[in-house]
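Taking the form predicted on its own, here's one chain by itself in structure tokens.
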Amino acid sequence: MLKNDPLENILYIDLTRRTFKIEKRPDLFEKYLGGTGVATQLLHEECPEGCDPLGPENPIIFAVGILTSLFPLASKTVALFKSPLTGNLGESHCGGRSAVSIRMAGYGAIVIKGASSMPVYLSIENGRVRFRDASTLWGMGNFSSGRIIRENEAGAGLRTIMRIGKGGEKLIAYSCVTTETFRHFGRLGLGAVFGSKKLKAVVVSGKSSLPVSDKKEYRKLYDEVYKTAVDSPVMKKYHDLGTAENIVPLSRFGGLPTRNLTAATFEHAAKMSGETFAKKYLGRRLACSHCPVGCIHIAALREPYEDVSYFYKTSMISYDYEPIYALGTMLGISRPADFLRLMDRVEESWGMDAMSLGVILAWATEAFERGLITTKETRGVRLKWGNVKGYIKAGGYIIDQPNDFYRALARGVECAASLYGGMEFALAFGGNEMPGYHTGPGAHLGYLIGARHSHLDNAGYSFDQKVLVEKKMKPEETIDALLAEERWRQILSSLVICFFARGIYTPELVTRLLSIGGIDLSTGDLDRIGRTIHAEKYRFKIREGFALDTVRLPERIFETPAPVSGLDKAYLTEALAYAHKTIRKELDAAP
């Protein structure tokens, strides 16, 4: 690393004692680059084995990378923690301004431990941490609390506000943390960890300058990355329609989960498509800091006020493929306005992960249809496909938790199914609710073996469409390909590169960019580091009780045909056994 690079600074905050300190850890960033790599090591250091995910010992770790603030599309923040949803590795990524703000504030990572006795928010600026009273903000939604914090905090430089809604305050196991209104640390329950610490928000402001080894070469490389990004047809797709463009093709392909995966095509896909949203609802596009693409799509929903003639309100609501899948097709909702009304509650007031909530409500709807639950459990709510009013009512009850049924839903679909039945159609992988792809064995194996059980771990859904649709592969070949992709993604997420730019940031380019920051590595070194980080993630998961050889296979995935062959229990069982053996070898070989 270059001398005076603030990336080496780690800010440690103790909420119990209301103290903070800064330590220099160049060893971590030189060895693991930043982001996921550094955060994983800090999680091993700071998270006691077997600790309660909602206890004060569970740390919140934010980390950024050496390329952050230097090159386009290196603007994700990685958060690591012990997940209250799965009980093991919690990892969530978020765009917006958070990564650049943390880097400009003079830090490579922030570690938050302990718990406050009263609601607080943290204000981090100019090398100081202030513990602000958040009692009046407790109970507010994301938009209201963000507005008040902005009015109170007049810090200079780039600023981010990371905050929770009611879901985090009520310790919903899949509640999220919102930044910049429309970006989220969505999956695995970081919001609940905030809430357990009585931490309403974290505000970070900064305006540092960063060193580079060669200014002329830096300018040349920056222009190269920028031009490649803006000229890329893939990036143009993300700008024009965003990931919502995938709704119609996936439905046509037969890989779009619908009505709790009782089907994989949606008859109203065209109504819920990216093209329809762009034509009828698109209000604006936004971009993360240091990103020329602008893939964030915001819908403008104009509705009349109730009981007041000729007066209208306009709500700005973000959308992309995953929320449309989870709160749209999985629930049988076919009107964009209905989806946006539900999404507005999820995003602004409740602060819950859209994917988890959609899958949970889909399970509850099928359980209601089958008579496993009745209006006694739902408190009069008649759960029915497409009934957005019922889903809004049920979502509000999950927040309030008025009875055992809604308390179970607040803990995830596997918890609810274990108590009320219907485990065979409870769509969770490693405890994390299903992402939006039923494309074939690559997708589902990807969820099962992925460190986060996410479609972003290894893009198994893409592997299905690009490889397995053309060629039948042996189970071990599929696992080898998925693990190779996941190891490389450890490098991208350590550099906090947006995965949309994975085609731009090749190993060869990454080595050239790192040299600008004073780190000289070969492509072989990158492969070694990626393998090490992946092994360390699994070491933490296994330490906290995860076992790949006992992971549950949801029966529903075998009942609904997928477009790519090979999605049968024998294939997946053989593949998982091979994955278990391979990862064990990886752990034994890791330093």
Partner chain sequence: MRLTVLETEKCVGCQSCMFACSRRVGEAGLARSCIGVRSIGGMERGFSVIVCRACADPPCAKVCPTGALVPREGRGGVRVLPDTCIGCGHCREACIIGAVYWDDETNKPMICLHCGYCVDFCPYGVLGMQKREAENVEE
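This is a predicted model, so every value here is computed, not measured. Positions refer to the first chain, counted from 1.
In what follows, reference is made to the form predicted together with its partner chain, a form of this protein that is not presented.
Checking Gly396, Pro507, Gly294, Gly421 for any heavy atom within 4.5 Å of its partner chain in the predicted complex turns up a single hit: Gly294. Contact with its partner chain in the predicted complex, judged by any heavy atom within 4.5 Å, is made by just one of Phe131, Phe499, Trp138, Phe143: Phe143.
Heavy atoms within 4.5 Å of its partner chain in the predicted complex are found in one stretch of 216-224, 305-313, 184-192, 339-347, which is 216-224. In the predicted complex, Arg407 stays away from its partner chain, with no heavy atom inside 4.5 Å. In the predicted complex, its partner chain sits within 4.5 Å of a heavy atom belonging to Arg284. In the predicted complex, none of the heavy atoms of Leu468 sits within 4.5 Å of a heavy atom of its partner chain. Interface residue remark: Ser69 is counted as part of the site for its partner chain in the predicted complex, having a heavy atom within 4.5 Å. Looking at 87-106, the residues that come within 4.5 Å of its partner chain in the predicted complex, counting any heavy atom, are Arg97, Val100, Met104.
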